[in-house]
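To begin, one chain is listed below as C-alpha cells, in the form predicted alone.
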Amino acid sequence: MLPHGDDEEKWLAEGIAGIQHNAFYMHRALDSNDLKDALRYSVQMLSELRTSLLSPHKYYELYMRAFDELRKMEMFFREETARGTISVIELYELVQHAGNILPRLYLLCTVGSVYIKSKEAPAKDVLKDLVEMCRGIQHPVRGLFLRSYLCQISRDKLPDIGSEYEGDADTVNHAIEFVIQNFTEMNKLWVRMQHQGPTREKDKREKERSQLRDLVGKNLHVLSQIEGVDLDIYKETVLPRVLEQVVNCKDELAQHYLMDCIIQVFPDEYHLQTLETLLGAFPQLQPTVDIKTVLSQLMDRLSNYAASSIEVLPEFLQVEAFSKLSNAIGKVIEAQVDMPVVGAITLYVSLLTFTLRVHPDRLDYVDQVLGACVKKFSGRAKLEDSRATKQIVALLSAPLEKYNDIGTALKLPNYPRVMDHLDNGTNKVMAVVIIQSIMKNTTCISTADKVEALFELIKGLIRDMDETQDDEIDEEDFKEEQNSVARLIHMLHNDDPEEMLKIICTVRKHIILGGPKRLPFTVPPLVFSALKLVRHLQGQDGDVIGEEISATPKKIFQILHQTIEALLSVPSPELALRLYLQCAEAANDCDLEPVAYEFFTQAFILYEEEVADSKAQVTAIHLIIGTLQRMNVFGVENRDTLTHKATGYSAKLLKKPDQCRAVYACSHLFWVDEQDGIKDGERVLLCLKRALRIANAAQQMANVTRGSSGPVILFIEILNKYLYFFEKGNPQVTSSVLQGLIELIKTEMQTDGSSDPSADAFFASTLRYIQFQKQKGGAMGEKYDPIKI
C-alpha cells in the first residue's frame, strides 16, 4: 500500500535532498575530472530512484531531478572520451561494475548514448544491448521510468534512413525492432501495475496508471517519426506487431489508450490503407473497453482527411471504406451486448458524418446508416435518455446541414422511422430544426407528396402526440413553435394551380387535426396561401369538364369556408371574422357576387352571435365597413342589405363616442369615388346628421355625469368628414352647412369650462386647412371662399 499525505511529501523531500547532496559531490568530481568519484556519487544519487514509497506522480518529480543531473554526466562522458582520457568502450565496461542494478542501467544508458554518438559501434548493436539489459528491472514504476529514459536518450540516435547513424540496408528494421521491443516491455510493466496490491485499491491503481500512460505512448510517437516506416513496412510489420501487443495485454485501460494512440500518431493515409487490419482488432478488445469513442475518433479523422483534398476520395472508394466501417460497427455493437443505446448512436453519428463527407452523392449509404439505427431501436419504447436523444438530433441534423435541402432528407425512407423513436419533446426540437433549415435555405416545397412527407416529419408540432394535452408546456415556446409552422406554410408553393390546390388540401388535412390551441396560428397562413392562388386564377369560374378536382376560385372558396369554420371551435370569432372579410374581398376581385355575399353574411352572423366584447365589436364593425366600402361586385339590392346592416350595428354600439365614429364611417359606404353610381349625397348627409345627433347626446350624457358639456372632439371629427365630402362635390354638403358646424364647435368650446389640448389643436389645424384652401385660389378656393373662420 503506497502512503499518502505528509509521509509521502517527507519521503519525496528526503529523496530530493539525497539527489542534491550526491549531485553536489558529483559536480565537484566532474570539475576535478575525477571519473572514479563522479561515478561513485552518481551511483549514490541514482540509488534514490530505487524507492518504492512514492506514488507515480511524486516519483516523476524525483526522476526529473535525476534526469537533469544525468544530462551533465553525459556531457562529462563525452568530453572525457573526446580528450582520450578513457575510451568509450572502456567507459561502457566500467559503468557495468556499479553495485546496484538500477543506477548501473541508468549510467549504462547514458554512456550508451555517448557510445552511439562516437560511432565506434553500430547503433543497432548498442540499442539492442541496452533494451535487453533493461529487462533487469521488473518493478513496474521503476522499470517504466528507466525505459522512458532509454526512449528519451535514443530517439535522435536511431539507425533511421537519412540519419547519421544509418547502417546497412536492413537498418530501419533494427530501429523499428528496438522501439517495438521497448514499447512491449513497457506495456507489460504498465499492465502489471493493475494486478499488484489489494483489490480494494483498484481504483487508486487505475488513477496512478493513467498518470503513467504517456510514458508508454511515447514509444508509438517515436515509431511514427521514423522516416523509414513507409506504408508497406507499417502494413506488414509495425501495425500487426503493435496490435498484437494491444490485443494480448487484455487490459481495459491499456487497450483503450493504445488504440487511441495508434489512431492519433500515425498518418490518416496509413489508417485508410490498413483499415481492415485496424478494424479487425476492435471486436477482440475487452468488452468493457469504450470502443465507441476510439472508433468515432478514427471515423472523424478519416472524415477530415477526406475533406482536406478531393484527390484522396478515390482511395476511399478503392478500399471500400464505408462498407468496412459499417461492418465493423455492426460487429462491435453485436459483441458488446451491454453497450448503452447512446453508445451505438454515437457510432452511427460518426459513420454518417464520414459518409456525408466522403460519399455525399450516395443517399443509399446515408439511408443504410439510418436503417441500422432503426434496427437498433426495434422493440424499444421511445427513447427517454437525454444523451441518446441529443445524439439522434445530431444524426438527423447532419443530412440537413450537408445538403441544405429538406427534399433530399425526404427521399430517405428511414429518416422518419428514426424520428418516430424520439420522445415528444425531442420530436418537437427536431421538427423546429427541420423548419429552420427550410427557412435558412429558402427551400420551396413544391409537390403535395413532399408536403405530406414533410408534415409527417414535423407532426410533433402540428398535433398532440399523446392523448393528454401537456398543461406544463411553456406558452412562449408553444407560440414560437406554432409561428415557425406558420412561416413554413408560406414556403409551400407550386406555379401549377392543380398541384398548389393539392398542397393546400394536404396542409389543411394536417392542421385541422392540430386542436383548438394551434388553429389560430396555422389557419391564417393557409387562408392567405389559398387566397394567393385565387388571385393567380382570377377570372376563372366553374369546373373544368372532365376533371374530378379542378383548381377554380369557387372550389378554393369552398375549402376556405370550411377551414375558417374550424376556428369557431377554438373559439376565435374575431380572427374568423377578419378571414371571412379577406375572402369576401378576394371573391370581389374574382367577380363572384354570391360567394362574396356569403362571406359577408358569415361575418355578420359572427358579429351578432360571437363578438361580445365592446372593444372587439368596435374593431369588427370598422373592419366590416372598410371592407364593404371597397366592394364593387354587389348589385343594388345586396349592397343595400349589407350597408343597412352595417349602419344598424354601428348605431347599436355600447358607447356613444363609438356609435358616433362608426356611423360617420358608414357615410363612405354611400359615396365611393371609384364606382359609378354610388354617390348618394342624401344618404351621406343622413349618416353625418345622425352622427351629429349621437355626438350631441354624448355631450349631454357627459354633462349629466361629469357636470360639464364634455369633449367636443367628436364634432371636430364630423366636421372633417363634412369637409371631405364637400371637396368631393357632394351637393348636399354646402358651405352654409359647414359654417353652421364651425360656429357650433366654437360655441361648444367656449361653454366648456375644461379645455382639452388635443381637441384645441385638432380644431386649430382644421381651421388652418380651410384657410389654406381659401388662399389657394382656383375652383377649390372659390368653393371655400364663403366660409368665414
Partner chain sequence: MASRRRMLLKVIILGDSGVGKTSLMNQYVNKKFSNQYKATIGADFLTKEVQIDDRLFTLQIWDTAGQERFQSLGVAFYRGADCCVLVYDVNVMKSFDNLNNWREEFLLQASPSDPENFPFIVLGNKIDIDGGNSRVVSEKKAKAWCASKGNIPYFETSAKEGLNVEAAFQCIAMNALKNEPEEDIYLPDTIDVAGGGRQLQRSSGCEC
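Positions refer to the first chain, counted from 1. Since the structure is predicted, the reported quantities are computational estimates derived from the model, not experimental observations.
The discussion below concerns the form predicted in complex with the partner chain, not included here.
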Given the partner chain in the predicted bound form, answer whether the residues G15, Y41 and Y60 all have a heavy atom inside 4.5 Å of it.
yes
Although the partner isn't part of this model, could you tell me whether G407 comes within 4.5 Å of the partner chain in the predicted bound form, counting any heavy atom of the residue?
no
In the predicted bound form, E743 touching the partner chain (heavy atom, 4.5 Å):
no
Is the gap between L54 and the partner chain in the predicted bound form 4.5 Å or less for some heavy atom pair?
no
Contact between P516 and the partner chain in the predicted bound form at 4.5 Å, heavy atoms?
no
Name the stretch, out of 630-638, 96-104, 218-226, 520-528, where some heavy atom lies within 4.5 Å of the partner chain in the predicted bound form.
218-226
Just to confirm, with a 4.5 Å cut-off on non-hydrogen atoms, which of H536, K72, R192, K204 contacts the partner chain in the predicted bound form?
K72
Could you tell me which one of F670, F76, Y165, Y597 places a heavy atom within 4.5 Å of the partner chain in the predicted bound form?
F76
Only counting heavy atoms and a 4.5 Å limit, does any residue of 260-290 reach the partner chain in the predicted bound form, and if so which ones?
D260, C261, Q264, V265, F266, P267, E269, Y270
